[in-house]
Each structure stands twice: as structure tokens, then as C-alpha cells.
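Just the one chain here, laid out as C-alpha cells, in the form predicted alone.
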Amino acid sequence: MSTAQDAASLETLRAELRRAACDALQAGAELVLGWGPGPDPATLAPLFAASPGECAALDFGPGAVQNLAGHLRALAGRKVAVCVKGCDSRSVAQLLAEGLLRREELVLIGLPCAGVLDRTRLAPGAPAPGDWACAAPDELLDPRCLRCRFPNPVLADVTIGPGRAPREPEGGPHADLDAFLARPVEERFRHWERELGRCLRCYACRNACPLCVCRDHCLAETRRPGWLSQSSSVREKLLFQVIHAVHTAGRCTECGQCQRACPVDIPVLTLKRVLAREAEALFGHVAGTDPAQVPPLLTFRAEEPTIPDHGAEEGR
């Protein structure tokens, strides 16, 4: 596609997006959550629009990295429209599945996504998102986007722009996890000692997670019960990350907000991905793909057909 065609395609998408946002306001939404101009040409920042004039600043592209679903719990009780990429829509669907949002309060504006930027890969002077239309070169994308199975919203009232094909990386979406888990246990433990030794205990990963909804009562800070101290030891940091990963097991939609928020670039998403894969293997559950499906760790079944009962039958 030529540069002129790219520009025309982007302008068409922007016009459709802004029109859908204005329609949502006219239909009774109090706010539209989307993306608008950021602090630099490569960044689109969250934008809260409450009027057609404010909707004129809405934009979309590879700089739209923020998962806007993280704002929805604070807006519960108000009718809002929210722009969602594939992973964002999964977060919304998961919150709906857990009864943490009400569908009638939401207008979902879906935007198929070709991937978002990894700013650590962006060299000075690189083209701005507008120069890429709605797709950036693979070498500049967040690695999780290169294995994305859900580039299109799983839940939307209106969808803007052409659909995107799922990524099919060589070796499958978990090839990197398989390689990591194939390493000896001692080597993996030393890896996490090195990585978590840099942790600041700032809880940016927790605060950025759209599914971590009990942060006001977080075990990381409560003293009743006293699960964690404020020690800066690697042991305490590892325990916090394990608690966070288990809290989101079967719920994490792999949006990457936790890892992106980390000020020292610790690959904390790896822990969540391992548990997400186990939830899929054991229960056939992929978080955020069905708002009517209760996550496996939020329910109870006396017997799980995919989990052997270790000979309990013989003892009866």
C-alpha cells in the first residue's frame, strides 16, 4: 500500500472512531475512554472525552499501548464508552465474568490491533505512529504482540477498521516459555534472583493490572494477616510476585500492563503466562474470551475430569 493510501486509510479510521464516540455520547454515555495525543509523537495517551469537541482528539495506532479497561472499575455506576483492542476487550470480558462490571453500563468500541510499540526498541528519530498508519514494523513491536492470538476484540458493540489475522509464531505462542522452562531449576531460580534483586517494591505492576482489583486490601501491605514484610530481600520480593501471579491465575489476559509499568523492566509477565498456560491445559480456560465463563479458580467442582485423583477411586 502506498504512503498516500496509508494516510487515507488512517484518516478514515480516525473519522469512524470519532463518529462512533460521538454516537455513544448521544446515546447516553457520560464519557468516552480512548487514546489521544501523548507527550511525544510515538505515544498515544489515555483520553477521557465528554463532548463531541473532545472526541475530535481521539486517535489510534501502535502508540495506543495502554489497556483502558484498568479505568473501568473506578467508573462503575456510570455509563461509559471505552475503546478496546483485542487484549483490552479480554480484560473487560474477564471483569464481566467476575461480576465486577455491568454490561449495560458499557459501550465497547472495538479496534482490531496489529500490535503496539515496545518503547525500548524505538530508536531516536524513528517514524511517528501516523507514518505507519495502524501497523508498525515487527522489530518495534512488544514481543507479546508477535504471538497474539486475539488481535480482534472478543467483545464489542461496534468495530472500527479491518480485522487482523492472529499471529502464528514458529514453535507456537508458548515457544519462549518452553525454552525457559527447559532450563534447570537452579538456573531458573538464579534468573529470578537476578531479576527480582532489582525490584523496587513500588507495586507499579500491581497497580497497572486491570484485574488486580483489591489493591486497597493487598496482602503486600496489610498487617492482618502479615504475609509480607517491607524487607527488601529477594525472598520477600519473590513472594510478592508469586502471590500476585497466583491471584491472577486463570484471570490474566496477558495485556502486558504489569511488565510495561515496571520501572526497571523486570519480565514479570512470564510468571503470569506460565499460570495462564496451565489454566488452559487443565481446564480449557482462556481468560477473557467468554464473559459468561467463571474462571476455574473462582469456582469449585468436586471432580475435575482433566486432573487425576491419584488413585482415590481405588481406595473407595
Partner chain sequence: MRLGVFVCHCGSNIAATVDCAAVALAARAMPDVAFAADSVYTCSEPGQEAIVAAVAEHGLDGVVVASCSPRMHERTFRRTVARAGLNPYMFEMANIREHVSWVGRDKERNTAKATDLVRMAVEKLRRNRPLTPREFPVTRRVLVVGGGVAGIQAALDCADGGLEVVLVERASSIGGKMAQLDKTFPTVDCSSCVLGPRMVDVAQHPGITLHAYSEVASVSGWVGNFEVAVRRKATYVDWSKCTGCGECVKKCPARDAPDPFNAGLAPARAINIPFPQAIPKKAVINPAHCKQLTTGKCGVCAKVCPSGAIDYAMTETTVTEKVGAIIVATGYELFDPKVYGQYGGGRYPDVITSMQYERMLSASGPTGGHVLRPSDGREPRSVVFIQCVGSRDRHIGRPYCSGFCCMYTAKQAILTRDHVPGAQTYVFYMDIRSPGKGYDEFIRRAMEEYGVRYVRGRVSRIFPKGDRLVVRGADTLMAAQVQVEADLVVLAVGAEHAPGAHELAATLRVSIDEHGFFMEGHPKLRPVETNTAGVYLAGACQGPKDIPASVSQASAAAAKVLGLFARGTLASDPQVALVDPRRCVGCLKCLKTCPFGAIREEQGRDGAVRAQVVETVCQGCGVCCVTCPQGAVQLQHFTDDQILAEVEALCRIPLPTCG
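Residue numbers count along the first chain shown, from 1. For clarity, every value in this text was computed on a predicted model and none was experimentally measured.
Another form exists, predicted in complex with its partner chain; not displayed. Remarks below refer to it.
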| query | At the 4.5 Å heavy atom threshold, is residue 214 in contact with its partner chain in the predicted complex? | reply | yes
| field | Partner proximity in the predicted complex: residue 203 to its partner chain, non-hydrogen atom cutoff 4.5 Å | value | no
| task | Decide whether residue 76 counts as a contact residue for its partner chain in the predicted complex under a heavy atom distance cut-off of 4.5 Å. | result | no
| Do residue 71 and its partner chain come within 4.5 Å of each other in the predicted complex, heavy atoms counted? | no
| Heavy atom within 4.5 Å of its partner chain in the predicted complex - residue from 175, 219, 135, 146 | 219
| said: Can you tell me which of 98-106, 146-154, 114-122, 163-171 lies within 4.5 Å of its partner chain in the predicted complex, counting heavy atoms only? | reply: 98-106
| message | With the partner left out here, which residues of 234-264 have a non-hydrogen atom within 4.5 Å of its partner chain in the predicted complex? | response | 235, 236, 247, 251
